[in-house]
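Shown next as structure tokens: one chain only, the form predicted on its own.
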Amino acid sequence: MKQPLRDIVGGFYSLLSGMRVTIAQFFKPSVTVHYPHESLQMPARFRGHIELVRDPATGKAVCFACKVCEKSCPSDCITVEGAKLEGAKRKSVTQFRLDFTKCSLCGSCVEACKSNAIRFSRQYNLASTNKDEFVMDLFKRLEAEGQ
């Protein structure tokens, strides 16, 4: 007779302990952000996907297709193509493809670029049901932003 009574008292004590925690959390302020209507401020060290940097003087990409970022990428997600245009001193980038599905956001490419031609973007809301939308041509994207 003593064991069932101990089980009942122990269960009731456990119930009260759980309710105490629940009631204490109920009166604390909410930390939820109502996403579509509100958004959190991104920290200064946030790493989004990489993007090309525009030269403020010429309005063109700073990248000259040296392919150091492509070689330094451990995920093999960057492909750079370049060509020497007429009258130019060095090559210009013609295609800069990033496969964001493979990218681990390690930053090796940004660190390896000696001309600071690529940086991390501030975009964080990347969502899609199509995998092909995450294979981006950053050069075309930079040109489209300029127009």
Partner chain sequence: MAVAQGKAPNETFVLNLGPQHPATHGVLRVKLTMDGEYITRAEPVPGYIHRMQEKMGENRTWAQYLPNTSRIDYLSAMAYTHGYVGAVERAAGIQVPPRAEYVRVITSELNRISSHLVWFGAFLLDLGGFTPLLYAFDDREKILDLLEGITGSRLTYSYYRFGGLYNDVDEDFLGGTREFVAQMRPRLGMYRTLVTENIILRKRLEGIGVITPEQCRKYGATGPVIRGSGIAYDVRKVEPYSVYADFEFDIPVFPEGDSMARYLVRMEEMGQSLRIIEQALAKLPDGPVMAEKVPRVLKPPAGDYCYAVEAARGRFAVLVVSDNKEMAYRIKLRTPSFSNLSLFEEVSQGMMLPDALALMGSLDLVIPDIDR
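None of the values given here were measured: they were computed from a predicted structure. In this text, rigid core is short for the largest set of C-alphas that superpose within 1.5 Å between two forms. Positions refer to the first chain, counted from 1.
Below, we turn to the form predicted in complex with the partner chain, even though it does not appear here.
Only one of 111 to 119, 90 to 98, 77 to 85, 50 to 58 places residue heavy atoms within 4.5 angstroms of the partner chain in the predicted bound form, namely 111 to 119. When contacts are judged by a 4.5 Å heavy atom cut-off, residue 127 does not count as touching the partner chain in the predicted bound form. Interface residue remark: residue 104 is counted as part of the site for the partner chain in the predicted bound form, having a heavy atom within 4.5 Å. When contacts are judged by a 4.5 Å heavy atom cut-off, residue 135 does not count as touching the partner chain in the predicted bound form. The shortest heavy atom separation between residue 123 and the partner chain in the predicted bound form exceeds 4.5 Å. Applying a 4.5 Å heavy atom cutoff to the partner chain in the predicted bound form picks out 15, 17, 18, 21, 22, 25, 31, 42, 43, 45, 46, 47 from 15 to 51, in order along the sequence. Core-superposed comparison between the shown form and the other one: CA of residue 32 displaced by 2 Å or more.
Core-superposed comparison between the shown form and the other one: the Cα of residue 6 travels 2 Å or more.
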